[in-house]
Each structure stands twice: as structure tokens, then as C-alpha cells.
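A lone chain, given as C-alpha cells: the form predicted alone.
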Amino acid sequence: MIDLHTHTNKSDGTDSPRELVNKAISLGITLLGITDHDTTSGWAQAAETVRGSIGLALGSEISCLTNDGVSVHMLALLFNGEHKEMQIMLEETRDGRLPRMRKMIEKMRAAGIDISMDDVEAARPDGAVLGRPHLADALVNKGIIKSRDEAFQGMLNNGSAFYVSHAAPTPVDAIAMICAAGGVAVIAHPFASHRGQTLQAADFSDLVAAGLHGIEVDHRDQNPDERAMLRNIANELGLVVTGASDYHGNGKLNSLGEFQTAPDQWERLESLADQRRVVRA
């Protein structure tokens, strides 16, 4: 079982890196991708927990914006965690999250919603990269909504009146940085239309030219038709096809290992990194 896209409480998941690895071991997962948003801070604890037959594909999910303002998430896997320019890019993206959150809260308060930055901070675990899920948790804690899923289908959707974009690299720039750091780039859930505006099929040619290695096809936020279209795009462009849970612990309905990557596709993806960086016991 290969699940290449998961989150811990170092970003917007609810399990610690140690808890996530232990849970993956108990489920029989053989390769786990840990891809917290714009950070590598969970890598060390996750690596310390490895035992038995499980391997870790350490990475990060990089928040990107196209020149047209479309939000895109790029999975960076197997890159050199000590690559200076990559870490600078991740840090700059994290730094843009605080002013963005303040603007979203201002919009909500102007609409009469009783929410504050203190409420969001109370919902954010210590050391976690700030994100919309923490605002969702704060709204749940105050009884304004019932769940994170409800928030992302409405108030926090990319098309919502409360949505605010933040400073982020373009997908092309992110791919170039991932490649420079020796890793592989897989675009995450690119046709998840219920999240808001998505990429178009024609957009993938520029990403491939920049060095894109794969497309996350099998994901719960993409319906069967969207998955079929992405599989065709991947096949036409010679890209690796991946599947993953996008697990967030108790934060979302996604179950660990609910979608997976085929072993042959993983072998191909791993071979495209400049080194074999899977962490094993």
C-alpha cells in the first residue's frame, strides 16, 4: 500500500508525525508520503518512528498561485531537505499566511461573523503552519459551522466572498525549485472543482515543460469523470499517475490509504529524483 499525500499537526492535520507513522504501520502501508503544507518540520520525528517494512517519502505540499490567480497545490517529494533555496521559498510562503488570515477574519467580521485571530490561534496546534483549516476549526469551536468539510464547501471555498489569496510561487516556479532540490513534482488534486476554480487541460503543457513529473489522479475530491480526464492527460503527456488519501487525521473525512499509488508508478516516480531518499529502518 502506497499513500503519497498526508498531513500531520505540523500543518493542518491532527496526528503528530509519530502518530501518523504508527497508524500507517498498523494499516500495513508500505510507503507513506508526509507532505505538510509549506514545511519540512515533521520530517525528523517521522523518520525517528520508522520501523519494520514501512518507508517514508518525505516531502511538502507547496501552495502556489497561477498568474491568473488560480490556487494550485504542488506535491514535492524526495527533495534534499537541506536545499537552501527550497527552504527559503517554503519560509516565504509560510510568512504570507498570517496577513492572509487576518484579511479573511476582517471580511468575516464585517459580515457579522463573530470570529477573531485569537480564536484561530486557540485552534492551531503549537508549531503548526497556519492555514484555512485552523480558521475552520475555530468556526466549528464557536458553533458557527459544523465541520471542516462544511467550511471548505462554503465559507472557505476558493470562490467564497471571504477567500483571500496569499503570496505564493507560481506552479512553474515551484516545479523548477523542486527539480533544483533534486526532488519530484506531482500536482495535487488539480481537477477538484468543488474547491473552486481549477486548472484547464491546456495548462498542463507549461507544467510539463517546467519539469512536472506526475499528476495526483485518484483523490476523493475528484469525481470519476475528473479522474478519467486526468488519467488521459497523464498518459498523453507521459506523466506518472498517483493516488493518495490527503489524510488529515480527524480534520477531514479522508481515511489513510483510501486511495493509493500503483507500485510500478511509484518505481517510475522515484527513479526521476536525483537520489533515492526513501527513509527506511
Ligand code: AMP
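Given the structure is predicted, the values throughout are model-derived calculations rather than measurements. Numbering starts at 1 and runs along the sequence shown.
Separately, the form predicted together with the named molecule exists; it is not shown, and the next lines address it.
- Annotated contacts: R100, G131 and F152 all touch the named molecule in the model of the complex [non-hydrogen atom within 4.5 angstroms].
- Per the 4.5 Å heavy atom criterion, the named molecule in the model of the complex is contacted by stretch 143 to 151, the sole one of 203 to 211, 114 to 122, 171 to 179, 143 to 151.
- Looking at G251, you'd find a heavy atom of it within 4.5 angstroms of the named molecule in the model of the complex.
- Taking the named molecule as positioned in the model of the complex, the only residue of 1 to 36 that brings a heavy atom within 4.5 Å of it is D12.
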